[in-house]
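Quick heads-up: it's one chain on its own, the form predicted on its own, in structure tokens.
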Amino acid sequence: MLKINKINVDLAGNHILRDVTATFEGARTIGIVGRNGAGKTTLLRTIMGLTKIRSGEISLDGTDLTSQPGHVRAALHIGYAPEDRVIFPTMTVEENLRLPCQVQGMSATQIDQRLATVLKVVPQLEPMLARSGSALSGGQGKMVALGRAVMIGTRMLMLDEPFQGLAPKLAMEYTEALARLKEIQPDVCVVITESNIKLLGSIPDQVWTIERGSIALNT
């Protein structure tokens, strides 16, 4: 269980997150909805350790993560797929998928097992494994980013606006992949941000609204 308590974050002199307190429980899918600039991306980046906080606390199962860098949080099996995908263009899709596990020092056998799981979750990736990251469409890149996050995110998975710009067919495939993930890894906590609540459909178990850097509604 990951908890954030009274988190405040400033960026470029602007107060972005304001006393945000929330609990992310396992076996839940949480949708965080807010307009552009509401603080959705900053919230995920802060949880991931990519944004410096001004005040507040972050803990995972009672362990304080507030001052821990991003790679330490990833080692605790928190996966993150940013909105802009960040696919390495000179690497193949398979190399992009394996990278986070290799950085964490996982064995070849463990990485192979994780890759096999990812291909069950996102079978569309298998025919793309040898393809260069530079040869992917925007939608394909989002599918690869999902797979890469799943490679490491066995405890928590954070997806930043994954449905934005996806064609209807790919959006359906993405939704189906999340359903398969919940079947294979039922205990994982999945967090999805979106500016349009309609894009989330019936995926989340809970929907939170973020407005001006504060979680305004928790249902």
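Treat the numbers as computed from the prediction; the structure is a model and nothing was measured. Position 1 is the first residue in the sequence shown; the rest follow in order.
Absent from the display: the form predicted in complex with a small molecule. The rest refers to it.
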| property | result |
| --- | --- |
| Which of 36-44, 61-69, 167-175, 151-159 lines the interface with the small molecule in the model of the complex (heavy atom within 4.5 Å) | 36-44 |
| Any non-hydrogen atom of Ile197 within 4.5 angstroms of the small molecule in the model of the complex | no |
| Contact test in the model of the complex: Glu83 vs the small molecule, heavy atoms, 4.5 Å | yes |
| 4.5 Å heavy atom contact, Val20 and the small molecule in the model of the complex | no |
